[in-house]
Every structure is written in C-alpha cells, then in structure tokens.
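Just one chain follows, in the form predicted alone, and it is written as structure tokens.
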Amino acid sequence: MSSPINDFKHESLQDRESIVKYINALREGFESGQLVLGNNGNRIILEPAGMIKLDLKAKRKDGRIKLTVKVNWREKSEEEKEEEKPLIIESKRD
C-alpha cells in the first residue's frame, strides 16, 4: 500500500509517444478533478479546482529545447469546502 506524500518529483527519459500518454493522463485528471501521481510506492493525490494558473515557457539554446509547463492552484481547506453553498435563483410566474 502506498503512503500519501506532500512532495512528488519524477525525472526520466521517454520517447514522444510516452510523453503523449502522460500528457493525456494529465488532461484526463484535470477533466475528472483528480490527479494521482506516483512512483516507487509513493503517491500524491491532487484535486485541481477553482481558478488555475497556467505558466508556459519555451527556450531554444545551442540546439537544445526546454519547455516548462507550470500549473498552480490554491487548495481549499475543509472549512472552505463546507462553507460553499450553491447559488439558487428561482423565478415564479403566475
């Protein structure tokens, strides 16, 4: 059984097709609202919600390319989650 962690890092060499699979898995995680990242028996579960900041950077130098993708959001506390109440708007016509 894997234990929850607060930090996760992975670095490896992959072919283009593998990168596409990872990017698609990230897309599916954002769509579903839950990302599960893991390796070596560790895993972290993230729940992206609310406004999400996207930061893209690309750099070319001496024949090497670097693409950096950063995604940030604030995690809501349990109290904030409980305080959220849906907005209800009703109209009555006679």
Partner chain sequence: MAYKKEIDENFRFLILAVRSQLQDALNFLDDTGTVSNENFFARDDYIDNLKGVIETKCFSQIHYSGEPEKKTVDLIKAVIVITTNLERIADYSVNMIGQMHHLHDTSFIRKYDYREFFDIILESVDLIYKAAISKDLQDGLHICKSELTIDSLYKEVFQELLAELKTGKNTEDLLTTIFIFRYLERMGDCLLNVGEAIISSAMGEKFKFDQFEALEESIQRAQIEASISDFTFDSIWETRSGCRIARVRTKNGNGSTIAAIFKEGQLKKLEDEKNNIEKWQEIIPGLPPRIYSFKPRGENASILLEYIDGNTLEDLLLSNNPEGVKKSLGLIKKTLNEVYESTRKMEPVNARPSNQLLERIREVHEVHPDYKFETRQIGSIETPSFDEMLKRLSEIDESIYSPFTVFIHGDFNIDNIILDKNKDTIHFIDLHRSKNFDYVQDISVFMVSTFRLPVKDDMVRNLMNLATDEIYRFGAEFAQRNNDTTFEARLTLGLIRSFTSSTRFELKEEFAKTMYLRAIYLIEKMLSHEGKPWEEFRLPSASLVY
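In this text, the rigid core denotes the largest set of C-alpha atoms whose superposition between the two forms falls within 1.5 Å. Because the structure is predicted, anything quoted here is derived from the model rather than measured. Residue numbers count along the first chain shown, from 1.
We do not show the form predicted together with the partner chain, though everything after this point is about it.
- Within 4.5 Å of the partner chain in the predicted complex, a heavy atom is found for all three of His10, Glu28 and Asn39.
- None of the heavy atoms of Glu83 is located within 4.5 Å of the partner chain in the predicted complex.
- Interface membership of Ser77, defined by any non-hydrogen atom within 4.5 Å of the partner chain in the predicted complex, is ruled out.
- Interface residue remark: Asn72 is not counted as part of the site for the partner chain in the predicted complex, having no heavy atom within 4.5 Å.
- Put simply, Arg64 is close to the partner chain in the predicted complex: some heavy atom of it is within 4.5 Å.
- When two forms of a protein are overlaid on their rigid core, residues whose CA moves 2 Å or more are considered shifted, and Asn40 is one of them between this form and the one not shown.
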